[in-house]
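Have a look below at one chain only, the form predicted alone, in structure tokens format.
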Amino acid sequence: MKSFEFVNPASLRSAISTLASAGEKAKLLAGGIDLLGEMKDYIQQPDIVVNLKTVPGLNRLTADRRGLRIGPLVTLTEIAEHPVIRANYTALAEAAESVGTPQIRNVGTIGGNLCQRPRCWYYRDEAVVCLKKGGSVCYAVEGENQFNAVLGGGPSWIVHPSDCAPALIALNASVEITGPQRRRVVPLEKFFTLPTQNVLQETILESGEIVTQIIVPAPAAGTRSHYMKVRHKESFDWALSGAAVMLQLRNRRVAACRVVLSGVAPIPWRSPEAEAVLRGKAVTPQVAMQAGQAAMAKARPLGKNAYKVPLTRNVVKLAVLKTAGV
């Protein structure tokens, strides 16, 4: 690991100023799970590491009648075990609980989970200069692509590794971003960028900007949610396929819904096709199956990941049925 300067800012303004002045030479440290792994593998070699844990208030979580306000340093364990989140924002608690191991969840933060970098093994190989690292080729296209994207892929075929992001998007969350010149709030589903927009990064964060809060509105009456994840092994692993489902039921019919997929696209993938199938209907096994089929209607698998298509159809079906209590 390359030597670096470790900065403990006393305020948000100081953290932003350090980040903005150093540019690409500085990286943020929240829980450290992702950044330290990249540094050890020489994928990231910053001159400055800015430790957010010394900034007051970023670890605050509040739940009231308006909804949730979650600081970026709130740990995944805190989210998974919070009684209000478990009761009223169930998909988020389930997603947080599905991440890593207990030790990782005790340290890993919600901000880090949203902003983590891809797990594609070509990107994570220090000897490979793939498209994601400024090269000219996405080696997954013709290579080992078992775990890569089947939706929204190209020119890079990464999948976004976050479990919490799909759940938060299903719950209509927004993210507050603070930078040198402004503070802005954007819907979380607009926070992530496809490789066609910017192949070198996965979010809209600009130089010097920090995620300072995740905002989740209080659910409407009759709202239920669920996050389902299928992984290669039941211990520490990322999703092969997952689905976060939110249903607002009125007279046993779907008045409003959101279906957001994980493990199958370069961003948390919202499926308007699946939502259109569900909206206005009573949830039955047949309707849930149709939603799963609609969610994967535009899938474009690579040579070794076609299994994700039927897998995700069934994940959506089961997640919808579980959410509806059928």
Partner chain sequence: MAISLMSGKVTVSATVNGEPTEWLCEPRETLLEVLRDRLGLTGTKEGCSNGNCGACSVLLDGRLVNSCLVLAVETEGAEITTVEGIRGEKGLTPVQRSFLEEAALQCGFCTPGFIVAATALLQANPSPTEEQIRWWLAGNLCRCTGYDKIVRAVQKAAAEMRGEA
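Residue numbers count along the first chain shown, from 1. What you are looking at is a predicted structure, and each value in this text was computed from that prediction instead of being measured.
Separately, the form predicted together with its partner chain exists; it is not shown, and the next lines address it.
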Work out which of 180, 154, 102, 187 lies within 4.5 Å of its partner chain in the predicted complex, going by heavy atoms.
102
Quick one: 28, 59 and 192 and its partner chain in the predicted complex, is every residue within 4.5 Å by at least one heavy atom?
no
If contact means a heavy atom within 4.5 Å, which one of 257 to 265, 294 to 302, 34 to 42, 273 to 281 is the stretch that engages its partner chain in the predicted complex?
34 to 42
Report yes if any heavy atom of residue 314 sits within 4.5 Å of a heavy atom of its partner chain in the predicted complex; otherwise report no.
no
At 4.5 Å between heavy atoms, is residue 106 in contact with its partner chain in the predicted complex?
yes
Classify residue 69 as contacting or not contacting its partner chain in the predicted complex by the rule of any non-hydrogen atom within 4.5 angstroms, answering yes or no.
no
Hey, in the predicted complex, does residue 142 get a heavy atom within 4.5 angstroms of its partner chain?
no
Hey, which residues along 183 to 209 are within 4.5 angstroms of its partner chain in the predicted complex, non-hydrogen atoms only?
none
